[in-house]
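In structure tokens, one chain follows: the form predicted on its own.
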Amino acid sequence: MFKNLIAGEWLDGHAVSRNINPSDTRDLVGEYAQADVAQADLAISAASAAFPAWSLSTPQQRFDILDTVGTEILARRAELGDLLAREEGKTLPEAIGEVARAGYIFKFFAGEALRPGGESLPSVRPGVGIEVTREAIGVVGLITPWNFPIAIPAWKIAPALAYGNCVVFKPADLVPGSAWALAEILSRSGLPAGVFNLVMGRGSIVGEKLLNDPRVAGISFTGSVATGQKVAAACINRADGRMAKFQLEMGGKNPMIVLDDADLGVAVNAAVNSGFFSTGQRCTASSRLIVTEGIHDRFIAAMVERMKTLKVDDARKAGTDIGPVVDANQLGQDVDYLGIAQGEGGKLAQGGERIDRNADGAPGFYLAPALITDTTPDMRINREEVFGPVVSVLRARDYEHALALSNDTPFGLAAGIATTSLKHATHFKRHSQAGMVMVNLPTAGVDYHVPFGGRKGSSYGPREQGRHAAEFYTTVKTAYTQA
């Protein structure tokens, strides 16, 4: 059994969860410890005790540890990628790419540990000097989702440690394997006991403890909108009055516009990648394609032909384009939305079939990528996040109409446009109501050294990744000195 890491020790839990391979449900990836409230409390206590010394550790010490972690992750990318594909269901090349991204994130923040920044300013008063510096906020609770089981933990853990915080990490209960492997690497990196703690378990148990414990100074959460709202409320309304800092990354209903002047091949490639790769289980996936009238029919025909070539099979098999949906519940949700869309007047142009077994006969959670046309903005398929290989199409009169449709959503994470017009590309970058905008590129796929996040219902609080991560994991101090 894979155990929790608390105060530098590997501990059994009060229960066990079974990690099942969605490509072959007969395959047990492993059994993972489930923590109770007492263990979550122990982890917070360990992090609190370790914080004073760790927050004053040298930049060199933090650099060495984070760089060591990044180096090991990169050296083991094939092994860790295989584990990720096995437990989560994204294809092996995608999984290896995600692991590599995690390694580079640790290396980036190793460098950031050496570049804390600060300002030295003159006062408006004679003889007074001012220093503006950043300090760690304290113990941070990190709650991560199942769709990126090593990259998202990396982009929360690495900056937290780089800036001198101590961590209690609760990964998604559905896919604990990659998180445990990352924790095992961290356990051998030279971190003092208690600086990093892995507490696997239910959100209703471990997550609730993190939200309500006054020793936790900040919560970084990635997951559903409903849960994110609960996180925000809990951080504000703590019984002792000590509010916690919080950072939320939640849902998306990301648009991709295809204009009449678009290169058809570029547009199709971007739409297929955005909508269907990683089985559509990315918060940045383009699940709404907004296509202007002049190219609409040609684009749909080209999409259908391209979709026919996509191979749905075991995530770890060479040549697989689309792996399984992560579990039975997510598959049921995807199928339900297909029925809802058709019931409201949408046309299933391609795909959508439930596939019970892969090419080798193994049972799994497979769904042929689905394209739904003839939809309208008010349909649920265009308002609610499906989180699967299900893409809808909206017809637009022209660029202005397409822009209005793209912004007609409660979400604002990512948005894309396919066009050869510099005028329209420039206008869209400025007027799209999204935190990340792509031109002639898939909306899914972002660099690790720049800010990640959205607006409206998609995100709240400082951005993740890049130098902007300091905004959440540090607090600003202004000090005055009379010469």
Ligand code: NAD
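All values derive from a computational prediction rather than experimental measurement. All residue numbers refer to positions in the sequence shown, first residue = 1.
In what follows, reference is made to the form predicted together with this ligand, a form of this protein that is not presented.
- Highlighted residues F106, A154 and L182: none comes within 4.5 Å of this ligand in the predicted bound form, counting any heavy atom.
- For the chain shown alone, E208 is a contact residue for this ligand in the predicted bound form, at least one non-hydrogen atom being within 4.5 angstroms.
- In the predicted bound form, no heavy atom of E112 sits within 4.5 Å of this ligand.
- This ligand is not drawn, but in the predicted bound form it has a heavy atom within 4.5 Å of G252.
- Looking at S278, you'd find every heavy atom of it more than 4.5 angstroms from this ligand in the predicted bound form.
- Screening N147, S287, Q247, S406 for any heavy atom within 4.5 Å of this ligand in the predicted bound form leaves a single hit, N147.
- Interface residue among D82, D173, D213, E384, judged by heavy atoms within 4.5 Å of this ligand in the predicted bound form: D173.
- Across the options 259 to 267, 225 to 233, 189 to 197, 371 to 379, residues that bring heavy atoms within 4.5 Å of this ligand in the predicted bound form belong to 225 to 233.
- Residue C283 is the only member of 271 to 294 with a non-hydrogen atom no more than 4.5 angstroms from this ligand in the predicted bound form.
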